[in-house]
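There is one chain below, alone, in structure tokens, taken in the form predicted alone.
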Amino acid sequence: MSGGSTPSSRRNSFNSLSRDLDLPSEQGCLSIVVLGASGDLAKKKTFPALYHLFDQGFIQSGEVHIFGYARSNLSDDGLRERIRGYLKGDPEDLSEFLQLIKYVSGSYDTGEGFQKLNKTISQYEASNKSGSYRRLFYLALPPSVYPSVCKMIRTYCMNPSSHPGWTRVIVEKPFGKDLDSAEELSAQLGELFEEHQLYRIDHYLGKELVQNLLVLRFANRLFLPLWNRDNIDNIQIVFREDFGTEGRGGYFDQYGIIRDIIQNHLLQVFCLVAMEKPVSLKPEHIRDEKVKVLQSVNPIKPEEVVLGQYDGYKDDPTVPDDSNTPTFASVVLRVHNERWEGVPFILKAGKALSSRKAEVRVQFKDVPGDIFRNKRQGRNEFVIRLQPSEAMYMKLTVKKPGLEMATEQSELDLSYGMRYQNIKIPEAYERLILDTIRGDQQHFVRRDELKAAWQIFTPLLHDIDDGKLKALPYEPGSRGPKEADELSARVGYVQTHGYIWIPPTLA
């Protein structure tokens, strides 16, 4: 909301948006605490998301205060200057937002800093003179410190029982490294907080096109009879980056591409693509269906896995010379239920590839009794492009203009940059932080869902860690190991040669 909008205009904007989105009419002061405030995640994602919510009127200067907490010895102004460069907007609005931020320094495993943090929050709450105290803690921290930090929050920083309100905690992925470590972490946090107080954030669930999946599938009569094994041959969910680990090699080597991308981000997209229709849009009904489809996934077959590691990955001095950590993986999931029996879901992710994109590609079966018999037509595909250039398009075979009866592949295209030119698509983090403030857990991972996800991938991950499955080398800037394309073809995917989707422009 550039142009120096006033607090009252922001309040009107907030009230209007609240009515439109059916937000709860919670009143009272809101304290947002960013733990790890001096780190990259907080500077690049958390604080910009909070600024965008403020700029759009979703959080109010008279009702919210933001507290940064970290070990660094900083002043209030010191933290403000650190994050100022990551915020873009009207200078007057930026200054107003930055004045909402205070800083508290302390360790993550002793009580002194958290007592000081609680005192600072309480002073703000007392000055606000509101009946309701709401406290939101965002852990922009490594998972190793979650238990100690949550224990400190529980001991020293909970919403006072003398006032109505709530305490909620956002934790970042990764949630463990396998089933046992994830269950241990869940048990530790579960001893401190109720499930409704915990928000396990997976930022992919905040992406616009991911959130659109439920609407596409269940609000359009067109898709209801087609979305099954009778019509769909295979589904690909793909994540590609055109750069490598770039200084994060030591961190990445502890996890690998499956833990970093496939087991969480792509599996969440898989759930929304494959789940049955929920009873309603209530968060628990949606999450119930996600758990059911995860529990229907068969054990992964080793012959339906291809791992890769790009040449040069081990040149990073923080990466062991004998590392088998995959920077690329293609994994086939098979769902044992009435809707999807026999349909392969190909989950593929990699670094240092030829392009950057994330998409869902639903490939339909061949036309029975095809009278055109043109092998170059390709199959019908419904593609949901998550990033960049958000779009949805249906690949169709059409007559090529001219006097001859020739066919070619074209598309019915909804490109967001064209259709919604004057609408800003929210960043995932701002949407999910707003959901937490609203108490909407629909786009967050529930404990039993997390367990079911790890049950699928833990045997495979242990085989990789034990060296039973080897990562194949591939050239940076390529499509990955050629064996991955061979796997896709073997399970039924038919590539369309000669067709390239080009995002439409106004020119």
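One rule holds for the numbers: they count along the sequence shown, beginning at 1. Quick caveat: nothing in here was measured; it's all calculated off a predicted structure.
Omitted here: the form predicted together with a small molecule. The next part is about that form.
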| note | Picking from Y133, Y313, F97, F239, the single residue whose non-hydrogen atoms come within 4.5 angstroms of the small molecule in the model of the complex is F239
| note | Students should find that, of K365, K116, R248, K399, the residue having a non-hydrogen atom no more than 4.5 angstroms from the small molecule in the model of the complex is R248
| query | Since the chain is shown here on its own, which stretch among 203-211, 142-150, 157-165, 289-297 would lie within 4.5 Å of the small molecule in the model of the complex, judged by heavy atoms? | reply | 203-211
| Given that the partner is absent here, does N228 sit within 4.5 Å of the small molecule in the model of the complex, heavy atoms only? | no
| field | Contact test in the model of the complex: Q197 vs the small molecule, heavy atoms, 4.5 Å | value | no
| I121: touches the small molecule in the model of the complex, heavy atom cutoff 4.5 angstroms | no
| query | Given that the partner is absent here, does H265 sit within 4.5 Å of the small molecule in the model of the complex, heavy atoms only? | reply | yes
